[in-house]
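Presented below, as structure tokens, is a lone chain in the form predicted on its own.
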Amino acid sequence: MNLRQVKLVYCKELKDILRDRRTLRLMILVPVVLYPLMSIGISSLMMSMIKKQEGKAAPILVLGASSELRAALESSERKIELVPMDVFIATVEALDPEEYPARIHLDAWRADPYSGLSDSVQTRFYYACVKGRAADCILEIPPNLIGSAEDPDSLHARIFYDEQEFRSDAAESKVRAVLRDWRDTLSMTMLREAGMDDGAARRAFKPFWISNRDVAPAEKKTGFMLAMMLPYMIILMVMLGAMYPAIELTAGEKERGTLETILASPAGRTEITLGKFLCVFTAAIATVILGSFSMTFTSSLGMFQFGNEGSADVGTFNLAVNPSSLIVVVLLMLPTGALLSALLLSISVMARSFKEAQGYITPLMFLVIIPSMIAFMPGIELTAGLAWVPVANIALGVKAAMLTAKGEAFPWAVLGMVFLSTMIYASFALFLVRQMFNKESVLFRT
């Protein structure tokens, strides 16, 4: 093998790739520009939506509440608006019965809001009411809630809401907070009526406080945040960074009729294969490094924005990452880039056109993305067995590295197995590419 020929092929292909706008967009524009803009934009939009919803008065239907509880709800700083019963009923009657099937159960509910409907029908009825905006949630207070001799565990103030509906979920949080404060006030009143003074009542109500302290180092806290998304994003960015160069240097050249030119050069098939592989590998690594730094910065910014919103610690969030963890992650990027670059080349070289290569690569993306999502699953850790599972081992290896704080020992043995196994798979995939470049039936497929 002539390394000088490999270098010439590599430099030639790299120049061609850098002239291709599609590749540059994926290598630079997406990870460096679009990802931060999307992350910051989405974070800002979410915060503005939350603030907007908190500032709006949530319409609540209350059944059976005492005047004290109603006053507590209406005067709450959390902005709650009590919906009159006649307004609620009129709104339900005006709903389209096919889209919001609530009106058909309205008469039975009006006759007895507590037991006029079975549990399943009541659930569907209130869901249609919330969906039709008759109320954001419904608070049901049983008549015997206060002063009852029943077992306290059987007494429930029930809130009906739609957790998947943002406005309804926000309304439930407001009502629950007011109910909790009102229950605490009621408990203090009952203790005073039992003959306790204020000090004794407070001690009986809260005999002690519970405080907690997170003892995890700062770099482990940051590492946990990054360990959830970084493994998946690394694998995805390697795929995106290598995909277009791999297609362009194989199927693209076939389509343009320029593949014969490089095959007629003094470089042998091995040198051509290695030159193209190294070019695709370079694009993949450049993309993943740029994207990882961009993602780390924007994720930390999002953590600062959400974690400190409204707290006394605004401005105290520090990005702390174990430098050794970053080195391990970079080392794991190398076999990942080699494996996916070789796989993409082996698939693309079989295609006759750019479009056909894209169709071949689509199933591979699913096969790669699904095991990379193992990092999202709690409780799954990197083991010697999982170290030999392609793609999943990289995701778990990156996760394990990011969760290792400064001063802690890295699981070098199992991380070494991840590196070794992935390099073995990459070498086999590169061998397949080399074999395909030797077959005229593959290179000149029409």
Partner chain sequence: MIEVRALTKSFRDKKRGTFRAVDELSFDCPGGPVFGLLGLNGAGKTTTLRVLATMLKPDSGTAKLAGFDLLDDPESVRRKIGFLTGNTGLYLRLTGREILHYFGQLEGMTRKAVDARITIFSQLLDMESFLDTRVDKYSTGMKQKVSIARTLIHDPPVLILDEPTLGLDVVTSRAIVEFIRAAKTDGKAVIFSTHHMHEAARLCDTIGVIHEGRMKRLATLADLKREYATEDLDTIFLRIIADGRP
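Numbering follows the first chain given and starts at 1. Note that the structure is a prediction, hence the values are computed from the model and not measured.
Missing here is the form predicted in complex with the partner chain; even so, the following discussion is about that form.
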Select, from the options 105-113, 263-271, 344-352, 194-202, the stretch whose residues sit within 4.5 angstroms of the partner chain in the predicted complex by heavy atom distance. 263-271
If you check in the predicted complex, is Leu430 within 4.5 Å of the partner chain, heavy atoms only? no
Spell out, yes or no, whether the shortest heavy atom distance between Glu248 and the partner chain in the predicted complex is within 4.5 Å. yes
Under a 4.5 Å heavy atom criterion, is Glu253 part of the interface with the partner chain in the predicted complex? yes
Using heavy atoms and a 4.5 Å limit, would one call Ser118 a contact residue for the partner chain in the predicted complex? no
Partner contacts in the predicted complex for 5-20 (non-hydrogen atom within 4.5 angstroms of the partner chain): Gln5, Leu8, Val9, Lys12, Lys15, Asp16, Arg19, Asp20
